[in-house]
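What follows is one chain in structure tokens, specifically the form predicted on its own.
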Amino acid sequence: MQRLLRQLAQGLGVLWGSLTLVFLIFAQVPDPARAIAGQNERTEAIEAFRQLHGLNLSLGERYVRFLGELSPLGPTQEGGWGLRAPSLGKSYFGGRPVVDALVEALPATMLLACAAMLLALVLGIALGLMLAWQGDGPWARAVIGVSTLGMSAPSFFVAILVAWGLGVVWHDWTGLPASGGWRVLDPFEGPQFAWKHLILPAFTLGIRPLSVVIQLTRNAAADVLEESYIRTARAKGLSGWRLMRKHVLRNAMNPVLTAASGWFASMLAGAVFVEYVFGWNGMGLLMFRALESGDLPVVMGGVLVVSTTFVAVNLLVDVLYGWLDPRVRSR
């Protein structure tokens, strides 16, 4: 319990540090109000824009105001003081609440990241265990070579290649579109989930973590197979599948979980190119457009979501460590 509390405190420190760093970076913009409004905008309109978004305050006052809006304790709508929903501010363009923009974009990115990570874990663990059991050979070297190539391939290049090859050239064979969001509007049945639009971006986003999971699982399982208790289990006649499932799989999962947790959190912010190429309107594309236009509140909201997800996933991995390895619980 103490370890989890310590990890939670460290996670809150990560949240505070990441948000502060992004805030200070955007604070170096000479005049965001004039840059957003345009050089030919009237002075009265620019001053009104500054006052509306608090840009007329000093850096310290803006920072304190920013942290105060994120605090769950503060003035309520009823005029009292107590618990409230944290506010992420409003977008510089249109005055739309940032929470609404994130709520609209986050499900698409979460769906894409979960599908890609599920593909990477299921296929990667299965292939890694198979390679560890069979040992070195032509098949193992071929799979490791392809996985190494998958780790080094840039996401934007793979996205363009997959979209062009499977979505355009071989579209008649695959039946998969090259672009499209996760929902389509049917004229008779209303919004519908377009699962075909998910396959290509999830495959593209999952290539790199799949390559990592294959190699980590293979190396960890190969080390476990060299342990004395594995040789004892083999001598007792334990079959290959039962041996891998009961003794090897559970003891080889710690490095895989560590890699999966980092990849999953990074997918929420690193899927920009994949979402852009495939027209997947998620949070990565939202943050890219916000960075391009200098929309600080939206960027800060996206950073907060990614950082919170990273901390939550790491806490979950710590709990899973204790379940997979009793030695972690004893410490």
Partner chain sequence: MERPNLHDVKAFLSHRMATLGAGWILLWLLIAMVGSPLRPDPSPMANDQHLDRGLLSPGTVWEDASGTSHHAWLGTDRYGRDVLSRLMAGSGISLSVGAGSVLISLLLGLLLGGLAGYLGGWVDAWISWFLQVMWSVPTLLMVLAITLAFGKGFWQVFLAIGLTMWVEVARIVRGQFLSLREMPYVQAAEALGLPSWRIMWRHMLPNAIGPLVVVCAANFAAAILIEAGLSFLGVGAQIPMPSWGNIVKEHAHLLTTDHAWLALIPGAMIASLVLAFAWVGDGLRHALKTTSHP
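Numbering follows the first chain given and starts at 1. Rigid core: the largest C-alpha set superposing within 1.5 Å between the two forms. These figures come from a predicted structure and were not determined experimentally.
Unshown form predicted in complex with the partner chain; subsequent notes refer to it.
The partner is absent here, but in the predicted bound form a heavy atom of 151, alone among 166, 115, 151, 233, sits within 4.5 Å of the partner chain.
At a distance threshold of 4.5 angstroms between non-hydrogen atoms, residue 22 is in contact with the partner chain in the predicted bound form. Contact check for residue 66: every heavy atom lies farther than 4.5 Å from the partner chain in the predicted bound form. The partner chain in the predicted bound form is not approached by residue 93, whose heavy atoms all lie more than 4.5 angstroms from it.
Contact check for residue 311: a heavy atom falls within 4.5 Å of the partner chain in the predicted bound form.
Segments offered: 155 to 163, 246 to 254, 98 to 106, 122 to 130. Contacting the partner chain in the predicted bound form at heavy atom distances within 4.5 Å is 155 to 163.
Using a 4.5 Å cut-off to the partner chain in the predicted bound form, each of 272, 296 and 303 places a heavy atom inside that distance. Residues 208, 216 are the ones in 202 to 224 with at least one heavy atom within 4.5 Å of the partner chain in the predicted bound form, listed in sequence order. Superposed on the core, the two forms barely differ at residue 279: its CA moves less than 2 Å between the shown form and the other one. Fitting the two forms on the rigid core leaves the C-alpha of residue 55 displaced by under 2 angstroms between the shown form and the other one.
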